[in-house]
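One chain is shown next in structure tokens, namely the form predicted alone.
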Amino acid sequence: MSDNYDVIVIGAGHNGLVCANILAKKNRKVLICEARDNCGGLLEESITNFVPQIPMSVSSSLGGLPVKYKAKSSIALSESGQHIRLVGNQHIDHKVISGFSSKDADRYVEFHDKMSSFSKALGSFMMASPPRIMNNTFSDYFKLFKLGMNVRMLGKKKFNEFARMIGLNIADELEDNFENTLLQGLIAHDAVLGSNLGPRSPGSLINLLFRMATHDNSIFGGIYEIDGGSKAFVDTLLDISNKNKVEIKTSSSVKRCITENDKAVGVELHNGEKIYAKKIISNADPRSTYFSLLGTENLDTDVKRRIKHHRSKGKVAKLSLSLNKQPEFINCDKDDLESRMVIAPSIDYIEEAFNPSKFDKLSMEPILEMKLKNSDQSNPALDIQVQYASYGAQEGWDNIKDNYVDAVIKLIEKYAPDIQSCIETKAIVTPDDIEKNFHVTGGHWHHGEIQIDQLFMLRPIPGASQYRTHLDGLYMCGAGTHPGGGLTGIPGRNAAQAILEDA
């Protein structure tokens, strides 16, 4: 038996580190058990491309987070070389779009203002635990009232528009507003990125609003690259952990939660070591938390059913190409190559790439988000997020991986004809690899789908949406909780607040 702690956090992903440090700053004795030999979770260069900034409320809860970001613009690539370059500044973007269509440019400003106001209303609800359904307490009623007021304060016209749009697909809205298919494709790409949705899927519009809420309430703003890469961010969190005396045990995989009298009181590691604490916090995904750490024997039938049907199949792979020289992209200058480059030429193109994924098949012409990395110390590299690379691909990833990588490179060749001659090595990380190597069920970025029935007070499931599980003393703080994944630290912060409220 090991020394007792106030809190044990299972998993040293960024949300676990955020949660642990906030609690440690409140004089809690905190231990983090991490299965892998390094910290950071999915925050690795082999997984991430571009990120939002950590919200000020999260940073201030940690006593400041000295991380530097580089703002990135977006370029929608066209085979003809008639690319669209957008920076997230409405005046500049209006001018760029007007070069293709003055009507689209004017409508873009209106569309952006409307969507931004909606994302702000949703964003205001992200920084606290959602209300508990049918709980009949003043605090829960007040949270519902506050959310309702935030939406009502949009004004009658915008409120009615918000109510109309919330369950719609993004494709209808874009086709009603814009003529340029490349602009439609770029916005639709951001609405479906990381999801199991196509642009014509109901609910894809709210995906875009959630993305905007963590990206400065902007469609193409709020997109950053971390100065020094993901490692610099993780190292900063580890420095803060050291200052706050958070103890971290790596290579310490948790086998199960120890329960006594229907309460979580500790954890047992796979090596047999037992460690006890007053509170246990899981940074693992919901299915792993309930089925592996807690165990089905501790769950009632309804909870088991809900977790069993929790959707968490990943759809994004990361292809990394080491290059011997920088490829020549058609009609792209130096600034373009430093941007977020997207291949998603139209809504129909995206939908055709999405359709096979419904059956766990792979499109050989997927949609891509690319980042070209240049360094004085090393050769250039091209990092590519590949959307609709299905978890558990029907053909079997071991059988199709090489052909799939070749198909992606062949697609890039349409925009950079010399790419083949530039490549030295190739490496792809699929959702199956993420599940195996990072212990995330289904290999999903967000530990679960961002869809209407898995959001707010329904995330991850009813009864566990306030970071408290169905077992006393066991909490969750990962991306599978409200408000979802991405590099925000919000779930970790909110979970810490819930734990402090219960103290």
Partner chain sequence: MNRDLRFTALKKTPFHSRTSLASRTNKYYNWNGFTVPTEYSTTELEYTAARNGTSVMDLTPMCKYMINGSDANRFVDYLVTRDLSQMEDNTVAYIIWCNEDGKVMDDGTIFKFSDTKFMLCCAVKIYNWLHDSAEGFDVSCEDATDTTAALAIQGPTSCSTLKNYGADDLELLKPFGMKQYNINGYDVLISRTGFTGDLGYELWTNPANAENMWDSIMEAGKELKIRPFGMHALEMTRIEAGFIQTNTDFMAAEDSLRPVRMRSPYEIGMGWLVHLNKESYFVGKRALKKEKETGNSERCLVGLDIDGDKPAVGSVIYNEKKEDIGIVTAAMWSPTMKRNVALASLKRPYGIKIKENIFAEIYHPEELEYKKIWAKCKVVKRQFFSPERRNKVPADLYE
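Residue numbers count along the first chain shown, from 1. Predicted model only: the values in this text are computed from it and were never measured.
Another form, the form predicted together with its partner chain, is not on view; read the next lines as being about it.
You can rule out all but one of 41-49, 65-73, 22-30, 463-471: in the predicted bound form, only 463-471 has residues with a heavy atom within 4.5 Å of its partner chain. Although the partner is absent from this view, residue 376 stays clear of its partner chain in the predicted bound form, with no non-hydrogen atom inside 4.5 angstroms. Looking at residue 306, you'd find a heavy atom of it within 4.5 angstroms of its partner chain in the predicted bound form. Under a 4.5 angstroms non-hydrogen atom cutoff, its partner chain in the predicted bound form lacks residue 333 among its neighbouring residues. Under a 4.5 angstroms non-hydrogen atom cutoff, its partner chain in the predicted bound form has residue 299 among its neighbouring residues. Proximity to its partner chain in the predicted bound form, taken as a non-hydrogen atom within 4.5 angstroms, holds for one residue of 113, 418, 262, 106, which is 262.
With the partner omitted from this view, the residue of 125, 291, 100, 162 that lies near its partner chain in the predicted bound form is 291 [heavy atom within 4.5 Å].
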